[in-house]
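Here we start with a single chain on its own, the form predicted alone, put down as structure tokens.
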Amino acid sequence: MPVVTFDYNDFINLLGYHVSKDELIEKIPMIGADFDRIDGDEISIEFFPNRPDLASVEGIARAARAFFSFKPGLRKYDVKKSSISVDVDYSVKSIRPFVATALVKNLVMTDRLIASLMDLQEKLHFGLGRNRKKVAIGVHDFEPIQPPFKYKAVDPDSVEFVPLAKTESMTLREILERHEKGVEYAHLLKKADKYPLIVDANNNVLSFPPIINGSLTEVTPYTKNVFIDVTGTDRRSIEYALNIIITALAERGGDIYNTIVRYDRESYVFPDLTPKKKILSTTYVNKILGMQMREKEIIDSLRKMGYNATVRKNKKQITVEIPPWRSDILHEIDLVEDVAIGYGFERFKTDFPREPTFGKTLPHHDIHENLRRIMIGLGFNEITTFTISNKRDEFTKMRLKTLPHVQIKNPIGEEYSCLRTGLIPSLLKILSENRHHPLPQQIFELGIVVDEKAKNHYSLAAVKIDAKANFSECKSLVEALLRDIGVKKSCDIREKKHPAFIIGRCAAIIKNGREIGFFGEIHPETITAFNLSHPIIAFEIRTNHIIKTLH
């Protein structure tokens, strides 16, 4: 979770009210945080990653001002008009299509502000921005540049500029090959023929998103006016990132100015600090919290969390104005959580159960535990792997055509881009990572796989790598498992063709005319695809078919 470190005196100055250090230590965790450490006046607080607006001391001070009841309700910021514009060229549409910008003027750029701004920028890159893939932020000194600006895609060798932390001019391609940030984030542009760029009216380079800014606009202690650009692949996320950055600077006394971003057929004015509205049912709140809270109590709790709230004509509903920097409010339940935080968890009454109850495990859990004991008895070690996988491991390495599967819309990387359809690829990856250990190695997993309809199923899979591993041994292991679990008599073994297995050394497990699993010797091409070099046997069984029989 992100840790925010700040000076106590700086926090009090931003808060505008006096709170003793002891009171701060006592109350801040109630917002949804935990103290990491305290060293004199330096305080480190760990916040949950769903609150990127609290990733800076400025955001914490704003939240504390409402939570401590100094200024409850929605904090509002004035946005002044400007003539600054950004023209978006069609060439960026397939690379990084969205951009939002704003100007913040009249800042006193202290060392603390610079440190806080850079730290907030990196935290937003990592969390909200998915390590810059979804959102990337550029912060610039406005004085050396001249609007209007242009956001376009260019040939990697056609433009050169001096990037931050360098003194020599480099082309975009050279930056990806030689600059530290370029090497680190080059994978974000590896599929692009052209690279995105933001330039001013004189063709000076402001930013090469999502990689690096130009040294021309580097923020220094002498900077008074800051221009912010946020680019990305998701429009809502870049707007939230922009709102978080500019309101943090406004907490430091900056004046916010809007800008116009123009596409071919439409224009947008940023920032948009208009609060979103949601309807909250008081009946739903009390049902979830197990309380009998009146409308006024719910409204007071919401105001302590920085919302504005009013009772609708139907008194069982409340209109809630959501701060434009709160990216975590997606559903009514998120508001209920904040009602509970604002009300105070320490005020919830505890009670003993009215009737004694005795828990017991679910039937399928008992069967799964029995399967685990059998596998351990057969000499296998249990492992647990990620349900998230990728098409390369699930299909290509297994010599399969790409089957219907669940893809992740905004994956954090290519390694985790879909949900797994089987367990054997995950087990082979573990063998690959442990190939320096002595043989034999035999592991199993009882875990969830996901079909093309996004439904979860439990499977049991096992692999063994050994110089003498063969089909007969694998058949013996499967039969022993089926016998010990009590379903061997109702199962048949039939020949099966599977691309990941050697032809003639693969079989299906049939129960009531339906295939419930398969086993055999892994094909040499599959073995080498996972960087392994010894014979491997494997089997996989859908356990829900076993559970139905035993029930």
Partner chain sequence: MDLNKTIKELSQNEKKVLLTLKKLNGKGTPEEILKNGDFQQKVEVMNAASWLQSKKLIKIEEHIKTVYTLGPEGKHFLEKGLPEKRALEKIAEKKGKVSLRELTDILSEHEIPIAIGWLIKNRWAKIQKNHETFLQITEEGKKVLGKKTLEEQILKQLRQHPYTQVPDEKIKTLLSRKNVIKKKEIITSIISLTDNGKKILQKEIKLEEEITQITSSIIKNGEWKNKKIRPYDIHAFTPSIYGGKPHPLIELINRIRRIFLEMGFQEIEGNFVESSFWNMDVLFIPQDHPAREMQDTLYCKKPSRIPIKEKKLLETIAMVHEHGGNTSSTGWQYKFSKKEGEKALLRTHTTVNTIRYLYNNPHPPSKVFSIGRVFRKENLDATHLPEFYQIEGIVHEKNTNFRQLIGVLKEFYHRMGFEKIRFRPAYFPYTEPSMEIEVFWNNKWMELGGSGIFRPEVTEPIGIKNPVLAWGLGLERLAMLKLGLKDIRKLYISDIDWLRKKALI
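Please read these numbers as outputs of a predicted model, since none were measured by experiment. Positions refer to the first chain, counted from 1. Throughout, rigid core stands for the largest set of C-alpha atoms superposing within 1.5 Å between the two forms.
Missing here is the form predicted in complex with the partner chain; even so, the following discussion is about that form.
Q: Look at the stretches 152 to 160, 448 to 456, 466 to 474, 136 to 144 and give the one with heavy atoms within 4.5 Å of the partner chain in the predicted bound form.
A: Selected range: 448 to 456.
Q: Is residue 265 a contact residue for the partner chain in the predicted bound form, using a 4.5 Å heavy atom cut-off?
A: No, no contact at 4.5 Å.
Q: Does the partner chain come within 4.5 Å of any heavy atom of residue 234 in the predicted bound form?
A: Result yes; residue 234 sits at the interface with the partner chain in the predicted bound form.
Q: Just to confirm, residue 331 within 4.5 Å of the partner chain in the predicted bound form by heavy atoms?
A: Answer yes; at least one heavy atom of residue 331 falls within 4.5 Å of the partner chain in the predicted bound form.
Q: State yes or no: in the predicted bound form, is some non-hydrogen atom of residue 385 no more than 4.5 angstroms from a non-hydrogen atom of the partner chain?
A: Yes, residue 385 is a contact residue.
Q: Which pick from 132, 105, 303, 364 sits with a heavy atom within 4.5 Å of the partner chain in the predicted bound form?
A: None of the other options qualify; the answer is 364.
Q: Counting non-hydrogen atoms within 4.5 angstroms of the partner chain in the predicted bound form, say which of 192, 406, 114, 279 makes the cut.
A: Among 192, 406, 114, 279, a heavy atom within 4.5 Å of the partner chain in the predicted bound form occurs only for 406.
Q: May I ask you to list the residues of 342 to 356 that have any heavy atom within 4.5 angstroms of the partner chain in the predicted bound form, in sequence order?
A: The stretch 342 to 356, when checked against the partner chain in the predicted bound form, contributes 345, 348, 349, 350, 351, 352, 353, 354, 355, 356 at the 4.5 Å heavy-atom cut-off.
Q: I want to check residue 165: does it shift between this form and the one not shown by 2 Å or more at the Cα, with the core superposed?
A: No, its C-alpha moves less than 2 Å.
Q: Taking the rigid core as reference, does residue 296 move its C-alpha 2 Å or further between this form and the one not shown?
A: Not so; residue 296 is displaced by less than 2 Å.
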